[in-house]
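Let's start with one chain on its own, the form predicted on its own, as structure tokens.
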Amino acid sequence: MSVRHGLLALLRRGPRYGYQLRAEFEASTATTWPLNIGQVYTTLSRLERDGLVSRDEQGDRDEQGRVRYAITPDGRDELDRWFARPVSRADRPRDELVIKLAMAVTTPGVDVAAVIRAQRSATMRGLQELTRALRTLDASTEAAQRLVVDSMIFHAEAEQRWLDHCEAVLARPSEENP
């Protein structure tokens, strides 16, 4: 999820201050994607420049000097287009683990099995932490938070399966490995 579109989605609920947006963004992502407040205000400035948000009609600043932002009609249209567009695999960041293992396999002197074991242990610890976190969520927890934690668990489980696959491929006699 882009920060840009995440902020637009939050603003669709109603006008917000920068600090409110940061707190609600982090709560929606179960605090798995912490935001720097500077990133929030930089993104708001760009959204304002692009005509997707505006300063709230209640005046530029409140009594504490805070600025409230509101989504514009163009911002609503942009958000609707984002929700309608599927996320492409090409739009996702590179997977550092895949790159690391590919480099380990082709770099002389690297114990690839040790790299895989270390990653498997770290992934298993992360999976256990996520499972504990999931148990602490209750019925009053927002669905968004639960879905984020569920997604992270599924990704960790898939990573474990992929590491098993890597071990199996590398265990084959070298003439079977391309």
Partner chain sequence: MTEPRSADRLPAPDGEPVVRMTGVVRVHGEGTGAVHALRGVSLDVAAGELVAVMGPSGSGKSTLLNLAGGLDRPTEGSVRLEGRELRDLSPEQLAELRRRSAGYVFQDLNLVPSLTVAENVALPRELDGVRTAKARREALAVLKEVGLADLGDRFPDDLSGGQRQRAAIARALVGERRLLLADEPTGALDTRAGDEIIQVLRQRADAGVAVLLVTHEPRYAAWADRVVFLKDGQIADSAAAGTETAR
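What you see is a predicted model; the values in this text were computed from it and never measured. Positions refer to the first chain, counted from 1.
The form predicted in complex with the partner chain is left out here; the points below concern that form.
In the predicted bound form, the partner chain sits within 4.5 Å of a heavy atom of R120. A residue is said to contact a partner when one of its heavy atoms sits within 4.5 Å of a partner heavy atom; L127 meets this definition for the partner chain in the predicted bound form. A residue is said to contact a partner when one of its heavy atoms sits within 4.5 Å of a partner heavy atom; R49 fails this definition for the partner chain in the predicted bound form, lying far away. The closest heavy atom approach of E24 to the partner chain in the predicted bound form falls outside 4.5 Å. Relative to the partner chain in the predicted bound form, residues Y17, S54 and D56 are all farther than 4.5 Å at every heavy atom.
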